[in-house]
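As a starting point, one isolated chain is supplied in structure tokens, in the form predicted alone.
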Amino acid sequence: MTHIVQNRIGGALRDASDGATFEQRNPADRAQVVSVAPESTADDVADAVAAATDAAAAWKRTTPTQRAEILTKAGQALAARASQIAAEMTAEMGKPLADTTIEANRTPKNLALYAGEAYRLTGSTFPSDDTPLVYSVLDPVGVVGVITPWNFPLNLASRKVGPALAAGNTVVYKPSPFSPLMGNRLAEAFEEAGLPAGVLNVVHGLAAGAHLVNDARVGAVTFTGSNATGRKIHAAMSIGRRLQLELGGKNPVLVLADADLDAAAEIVARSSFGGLAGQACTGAGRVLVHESLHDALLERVVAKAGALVLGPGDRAGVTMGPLIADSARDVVHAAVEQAVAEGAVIVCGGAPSDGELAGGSFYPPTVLTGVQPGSALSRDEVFGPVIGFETFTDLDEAIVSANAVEYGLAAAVCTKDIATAQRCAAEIQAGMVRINRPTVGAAFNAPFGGVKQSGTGTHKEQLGPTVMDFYTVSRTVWLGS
């Protein structure tokens, strides 16, 4: 079934003003067109921003209870159709049904928690020598531009749209062109919940994000995606407009000499492959293993890679889906070929899938060894199921190697020694360090984000104690007699 998706501007469904559209095909079967969406023009995006601007004053005046009730009802609407959404998500972007079901069921919980944040927008009072009262209050930023990726198309969008609305902002939301249907499913839930027209607007298309970022009426932009796009957005923003970037990573798994090998192999496999086929910003791209454990760990990781079942996400028993598009598969394969040219050795995988999977964008789990420090595979993000093994002789060397990249998103450390674990957590340059846990995953109540080129770092995403800071502006009031 092909779903026709439209823009949502000021409460009305609209095609692109020039009628242009684009298709998203099932990455597991390129013959199937899953969704057709408008290729929005600059005028379409401007209309969406105008609608959000017009709705801003009234939405700002709503009470915390009104905002919380709408977020709660939107979550309930999503929960009621979670099985349908999961199946559509699998068709549109490829994850196995087990993974999309988890996402479809988790997203309503995000909105329920953000509903509570509407009540927690508190200020402070301050002692003063010259006036009876000095206090601060939190105001919404205004219009927030939300630009999201396709790999967690519902969950990540809810983590941006939810707090923006809870704080009293209006939103112009641009979903990934690889998952336009999921963008509209989120908007539909808010419409069903009674969100006023113009508070949440949705525009689709390849160029819509640039138009949105370049509109000075948009007071804040939150983006999760590639570093290349993030750099363009960063360059386009000006003083007085705030920016939140969550970008890529080259995330290491450090396997120390005392590590439990079976547990480490499971951590590497979960970090590197999984149902999403390695297409996660927190996915591991490097294994830094003590030289004494290299062969034994390699054997175990290759066995786990071989046990994965590659195929369409709606097929029973499949544990790893396709890459998002043929272009992504080609980029991954080029990275593997470059690694081989630089001296790495393919142990398993290493070529696009053929046979019955040739009609989709499939690439098997791939493990390489003999990766040298400073080589492309040790340095550059590969957004796919590719892991490179590197060896070290002592902990100092491992930490230096872990930090010798431009990214700093996530890292995992496998060790039985708590003191060593604490040292790694303190010295590895990453926003998130996981001890004896995979690099992937997030907690409802913990900050999420990276350092260095993995994001702006000034505003952490996810649900930690500062989640609402990005969506609010502090105003200080001196109250005289």
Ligand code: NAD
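It should be emphasised that the depicted structure is a prediction, and the values quoted were computed from it without experimental measurement. Numbering starts at 1 and follows the sequence shown.
Keep in mind the form predicted in complex with the named molecule is missing from the figure; the text below concerns it.
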Quiz item: What stretch, of 202-210, 364-372, 298-306, 136-144, brings heavy atoms to within 4.5 Å of the named molecule in the predicted complex?
Solution: 202-210
Quiz item: Heavy atoms within 4.5 Å of the named molecule in the predicted complex: does R379 have any?
Solution: no
Practice problem: Answer with yes or no whether F383 is in contact with the named molecule in the predicted complex, where contact means some heavy atom within 4.5 Å. | Solution: yes
Quiz item: Is the gap between G360 and the named molecule in the predicted complex 4.5 Å or less for some heavy atom pair?
Solution: no
Exercise. Using the partner position in the predicted complex, report whether F223 sits within 4.5 Å of the named molecule, counting heavy atoms only.
Key: yes
Quiz item: Which of F273, F190, W150, Y114 has a heavy atom within 4.5 Å of the named molecule in the predicted complex?
Solution: W150
Quiz item: Tell me, which of V172, M182, V268, L156 has a heavy atom within 4.5 angstroms of the named molecule in the predicted complex?
Solution: L156
Exercise. Go through 243-268 residue by residue and record those having a heavy atom within 4.5 Å of the named molecule in the predicted complex; state none if no residue qualifies.
Key: E246, L247, G248, G249
